[in-house]
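Just one chain is shown here, as structure tokens, and it is the form predicted alone.
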Amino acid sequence: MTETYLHPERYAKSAALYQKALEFIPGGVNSTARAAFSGWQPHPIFADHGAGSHLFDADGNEYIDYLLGLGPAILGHRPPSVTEAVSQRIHENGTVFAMATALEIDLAQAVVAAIPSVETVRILNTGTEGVLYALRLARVFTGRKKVVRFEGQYHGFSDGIYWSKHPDLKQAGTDEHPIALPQGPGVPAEFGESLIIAQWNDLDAIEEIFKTHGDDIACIITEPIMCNTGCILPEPGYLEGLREITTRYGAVLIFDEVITGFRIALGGAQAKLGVTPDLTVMAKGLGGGFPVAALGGRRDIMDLATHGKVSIAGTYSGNAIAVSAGVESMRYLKEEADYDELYRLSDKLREGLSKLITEKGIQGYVVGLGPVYQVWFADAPIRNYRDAARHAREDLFRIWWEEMLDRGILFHPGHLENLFLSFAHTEKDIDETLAAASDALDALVVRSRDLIR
């Protein structure tokens, strides 16, 4: 199947911008997730501006946006109060001081009040930084070296954890005993020796791992909802089991809530699902579209940074732009955001899509919780990465994406990514999306008669 746009003329300016960008930027983009080889084929679409739940590209095409910057635009694009707070802070105070500011205390207090696991918190710049420091804290706190991580999850791009995200199963070991594979060249093989790779949603395997390596395991790091291989929910009792096992063996449980934090609930997925980790990494939903992250958790673990035993540094950490965005975003999420309404609209869209898929005789379903989900075109349940690698139909998803894009609905072309809703989405957006989906799925059936089993 040729991967191109249905009507290339609609994206002529993006095509031209891409050719120009290739002269100065490797791959023409500044993040792998935007690259042509990540699904944006034959070239990435260039954004021009966003407004609320809608995005406009360089060619003037308008979309109902379910990409949302891969999640940060939880309040929609250019939320007025956050934009104003940041603008005012820049004009009245400045941006970077390499000194503490009172506003940092306000943001820290808001995060501590919202997230069940967080007793103290450090403000950072990216989720990658948060994970790097969380692993460092866990190793120092326990005096151990090994980290348990799950295939199909992504915890940033630092060398020590950028492993086994979406590995080739021919090289990744058996289902019972996965092996660590670096995401790509340039990552020293020695880092893999500190990792133990496991499959998601398999408590028996975790129990066996700890029986064998428990004295060497510093921590488990996991997303509470698996959002980097589409969307895979934890099975009943799974997170509770991770909590019990890590407690029993004296290991640290780290939740990577970069995606789920403040999106699934004000208190994150841990509040919604009722399982409290020891450390939590937060980012995307915290800044209302501005780059800011945080790492927080138990005071006795976080106190390792108090006198510098574990260094948590960063020139831009706690900068005025990020902190002012975070303070206003947290205020809005606590005082104005209607999570019940967000869930109602999210459920309406998810259930509507599921109904359409069933009515049209397509093998597939929609999985998610509240405002994060994915459409799986699959002939079997998907409970971990290996299920997705074996059963999820990337070819069908590509057709679905092309047809939806052509009808003004935007999300990531990768079948292992997510669709997001924001507080800016409206009933009209959902109704228009479902109408577009009905037509797009009809087109999918026609275009893929030889592909649908």
Ligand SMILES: Cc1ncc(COP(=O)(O)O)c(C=O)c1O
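If you're wondering where the values come from, they're calculated on a predicted model, not measured in any experiment. Numbers for residues come from their place in the sequence shown, where the first is 1.
Here the subject shifts to the form predicted together with this ligand, a form of this protein not shown in this document.
- Residues P116, Q270 and D278 are none of them found to lie within 4.5 Å of this ligand in the predicted bound form, as judged by heavy atom distances.
- Contact check for H155: a heavy atom falls within 4.5 Å of this ligand in the predicted bound form.
- Contact check for G127: a heavy atom falls within 4.5 Å of this ligand in the predicted bound form.
- Using a 4.5 angstroms limit between non-hydrogen atoms, E223 touches this ligand in the predicted bound form.
- In the predicted bound form, no heavy atom of V327 sits within 4.5 Å of this ligand.
- Among the residues A322, I232, I259, L295, the one placing a heavy atom within 4.5 Å of this ligand in the predicted bound form is I259.
- Just one of S317, N228, Q199, T142 comes within 4.5 Å of this ligand in the predicted bound form, counting any heavy atom, and that one is N228.
- Only one segment in the set 86-94, 212-220, 251-259, 181-189 has any non-hydrogen atom within 4.5 angstroms of this ligand in the predicted bound form, and it is 251-259.
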